[in-house]
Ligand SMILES: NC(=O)c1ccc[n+]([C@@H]2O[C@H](COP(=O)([O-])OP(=O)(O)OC[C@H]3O[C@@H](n4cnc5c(N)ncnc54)[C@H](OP(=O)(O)O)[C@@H]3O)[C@@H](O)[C@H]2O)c1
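Take a look at this single chain, the form predicted alone, given in structure tokens.
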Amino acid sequence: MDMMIRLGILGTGAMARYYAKLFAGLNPVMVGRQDGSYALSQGREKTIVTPRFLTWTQAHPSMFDLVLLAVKWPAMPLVQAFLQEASPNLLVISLMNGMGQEETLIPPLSSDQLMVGITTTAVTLYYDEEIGLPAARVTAVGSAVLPLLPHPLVPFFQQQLHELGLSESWKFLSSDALYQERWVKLIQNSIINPLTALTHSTNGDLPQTHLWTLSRPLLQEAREVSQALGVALPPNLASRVLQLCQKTSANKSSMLQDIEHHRMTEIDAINGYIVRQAHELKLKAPTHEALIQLIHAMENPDS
């Protein structure tokens, strides 16, 4: 293997643009539909980024040692097609919202090739009128947590993170511990994302809206599902959801951004995952089901 990991970033949206800047020292290749330069704003700092770029048809998994998934769920068929010819040596990291990546990507990947983690960083797309470029604004700087897998590239990736000064913000947990954290984030997203989309509010304004009252039944239904699956959630999860709204107060959730730009949302991978698990367990999740119907109606207002 070369001294530097060959990194591919699948996607060209907000998080993909953030990762391209974050891992600029690895000279990554962005794979997707939107080529060209863009601005990345973080606090008072603004950087113009022009990453290497390939379309989905130009790129091949053999070009990379490590692939970072930064797409949204509606683009998952493109990811599946791209990974069909992946070698057993490829390592794939998913920090996507929602759950169900393993069921979707194994196969063609093996369980030792797919690292499904979480990130608490929030990024919002916008157009920078001042410089006339598409842009992404980092509205909350968080961390990424990944599972420790026996893949031979993992120690090398950890070393690269250290050399890039990212070892404090990119952490590793056992798969069992991370599974619990994934459920915590899933529940947080299942409350904040659809409610902000329905109210057209920022995360910080959401607790002042009337629909915030739905946060309690949403949390309770999800807790019952997770407990039936053997996932022990923290008792203070309600306060953690509220704190997350406050911590990311200026952020527009990804689901709200999708609604505003008339795109398909990730509701089926977030609330939909909870509902599917509930049905398999013979449980009910009516509040989540109602939100799914409402969000789909907003995606297709003329249907």
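Keep in mind that what you see is a predicted model, and the values were worked out from it rather than measured. One-based numbering along the sequence shown.
This protein has a second form, the form predicted together with the named molecule, left out of what is shown; the following refers to that one.
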Handout entry: Partner-contacting position among L214, L105, L198, L95 - heavy atom within 4.5 Å of the named molecule in the model of the complex
Key = L95
Fill in the blank from the handout: If we test each of T47, S62, Q34, Q246 for a heavy atom within 4.5 Å of the named molecule in the model of the complex, the one that passes is Q34
Handout entry: P134, heavy atom within 4.5 angstroms of the named molecule in the model of the complex
Key = no
Problem - A14 within 4.5 Å of the named molecule in the model of the complex, heavy atoms - result: yes
Problem - L68: touches the named molecule in the model of the complex, heavy atom cutoff 4.5 angstroms - result: no
Practice task
With heavy atoms only and a cut-off of 4.5 Å, decide whether L91 touches the named molecule in the model of the complex.
Solution key: no
Exercise for the section: Name the stretch: of 149-157, 120-128, 217-225, 203-211, exactly one has residues whose heavy atoms fall within 4.5 Å of the named molecule in the model of the complex. Expected result: 120-128
Exercise for the section: Quick one: name the residues from 266-283 with any non-hydrogen atom within 4.5 angstroms of the named molecule in the model of the complex. Expected result: E266
